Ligand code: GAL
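Form predicted on its own, single chain, as structure tokens, below.
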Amino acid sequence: MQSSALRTSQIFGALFSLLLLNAGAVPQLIQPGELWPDDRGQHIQAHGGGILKVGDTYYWFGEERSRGLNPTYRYVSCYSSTNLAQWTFRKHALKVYDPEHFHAGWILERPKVFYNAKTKKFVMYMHVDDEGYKLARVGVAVSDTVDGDYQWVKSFRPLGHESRDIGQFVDDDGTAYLIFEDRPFGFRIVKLSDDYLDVEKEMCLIPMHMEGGAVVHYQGLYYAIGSALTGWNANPNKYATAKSLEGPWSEFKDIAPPEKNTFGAQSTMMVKVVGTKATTVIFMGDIWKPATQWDSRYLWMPLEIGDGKLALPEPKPWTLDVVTGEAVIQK
């Protein structure tokens, strides 16, 4: 027979294990504008990034801007998370040297990854350009696995148009779209081809000169947000709504008090988390530091959204339960 002391020890051990398990399930704090360490304790380098969910895991792709990188290459980092708060560095998913003779100083920005269920390929889009931003093209790379070694395929101008900042949108029916800034005309939303390696159809041209474009479909309405053309400097990001991607789109309005300049951030994506109790739409933004790009920060906040209105609340620490979809902003 077990002694009373042994049984007590086993009970306490089981309780301790249960407490640890519950602690791991507690939503972790997201702190906008602060250093965001990964599993190595290093600040996350996924600037101008995008989120792709595969199963129960989220993958964050973005521009790698660490110090000490080989200046002849351009890098895209990949991180993974199951709660959108704690991130594990997977690898440099793309490491490429001037694939089409863009020449020294060429630019790779805003990588976004789509999964194509028909081809079973992961397809990365990115803005590629020369130092003077005259090329204005999208680059395409592919991989068999989400965190694999992406291989360069090509670059092109979508439907022949200039393309600088890009964004991604996957509708609730799984249809994939590319968003891009066409400097002479405005903000375009286009449907990708069946294999996602090209652009098939233009859905709309929004005649607003905006970059950092993002779209989300929420309760029967499409919401589009974007940033004015002020380079590295923050500005009042704006939003519009439409019942269809083809439009017509409403007048653009500020997502935050205009004097706050989007709290120093620029939009890159809106992430919709559908839970068992609520649906939260997260504003993903970059707080750029052009002189110390490796120290650029992130502003992620749950949006106040619905009935044709969208607002970015003042940044505060907050938590998200990815199972229930509930977000709680700290007071």
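We number the residues from 1 along the sequence you see. Computed from a prediction, not measured in an experiment: that's the story for all the values here.
One more form of this protein should be noted, the form predicted together with the named molecule, which is absent from this view; the next part is about it.
For the residues G132, G231, G160, P207, the 4.5 Å heavy atom test against the named molecule in the predicted bound form is passed only by G231. The contact with the named molecule in the predicted bound form, taken as any heavy atom within 4.5 Å, belongs to E109 out of D182, E109, E200, D171. Taking the partner from elsewhere, no residue among Q45, E64 and D295 has a non-hydrogen atom within 4.5 angstroms of the named molecule in the predicted bound form. Of the candidate stretches 191-199, 71-79, 109-117, 171-179, only 109-117 contains residues with a heavy atom within 4.5 Å of the named molecule in the predicted bound form. By the criterion of a heavy atom within 4.5 Å, Q266 is counted among the residues contacting the named molecule in the predicted bound form. In the predicted bound form, the named molecule sits within 4.5 Å of a heavy atom belonging to D165. With a 4.5 Å cutoff on heavy atoms, E211 counts as touching the named molecule in the predicted bound form.
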